[in-house]
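There is one chain below, alone, in structure tokens, taken in the form predicted alone.
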């Protein structure tokens, strides 16, 4: 494999695995989990059922049936593969896949509101269409549904899976709290940023990679190894997200240009650039310090004063300081660490290949 940061390429390229296989795995995850996911959402009282259906892309803002972008479905795919890693059929992992997807979307609904994001998956976010109150309520409801889907199985494995899911959810919330607190600080260390991203993204992806195995009867050692794979895969996933949050193409990502810079996020490229030292790093620190003063609580409308050129200048300073290259290499390091965690786990070679395939996909995606 090799790394490129030219143009829109942001991570590992020249993979030895077939992209066609990846799409098949993602589609299988969607197909097997969708009936149970829709059945869970149908339990919600109106209008929450409709609001959730809009969020998942099943209907449009007027309530008409739609074939919207429901997301990449990486987590459901991983949950099904983890069941196979334990020697169980993929169907054994479906409740885990749905539970993780419900928690993931609970976090998206709340994050969009807290971050002020108006676009997700190429259309208006739930809070923009249905209001902040519905975004909060539906997010809470999805979290409750996630636990219901698992616990109603009534098995010892379901109890073990639920414990892993609730722990991952608590870490996810910790990560979101850390992320928000970082926005008001002039500097955040790379170590702090990695800890936050390990909580916000790594924990739930780690859960996805172990929950199917737990439901399939795996012992804790196997589940823990799969969880370690997922945790580092989550860090690789987030490193790529951080690159796309600054340099991603809006037509592909479905978000605004320089979206993370607009929100003053202390993402990995920013933290790495500030830690690098040198003229560009020092200039970036000065600019961000001035931004923090200009966009404080006393002047919440100041964001409107920034031009596209100014955001482009910030992105250029981050790149000149080495933040883009460092983050690209970090995605590769985390990718390698994830795969290394699978070394001692006994599983069919075909399943091992699938986990490698999805790891490669995570770091070559453009959205």
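Computed from a prediction, not measured in an experiment: that's the story for all the values here. Residue numbers count along the first chain shown, from 1.
Keep in mind that the form predicted together with a further copy of the same chain is not shown, yet the notes after this line are about it.
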Any chance all of 69, 98 and 246 sit within 4.5 Å of a further copy of the same chain in the predicted complex, going by non-hydrogen atoms?
no
Looking at 177-185, 257-265, 80-88, 205-213, which stretch has residues with any non-hydrogen atom within 4.5 Å of a further copy of the same chain in the predicted complex?
177-185
Heavy atom to heavy atom, is residue 43 within 4.5 Å of a further copy of the same chain in the predicted complex?
yes
4.5 angstroms heavy atom contact with a further copy of the same chain in the predicted complex for residue 75
no
Is there a heavy atom of residue 110 lying 4.5 Å or less from a heavy atom of a further copy of the same chain in the predicted complex?
yes
Give a yes or no for residue 159: in the predicted complex, does one of its heavy atoms lie within 4.5 Å of a heavy atom belonging to a further copy of the same chain?
yes
Heavy atom within 4.5 Å of a further copy of the same chain in the predicted complex - residue from 166, 281, 228, 119:
166
Partner-free chain; cross-checking a further copy of the same chain in the predicted complex, the single residue of 194, 114, 285, 275 with a heavy atom within 4.5 Å is 114
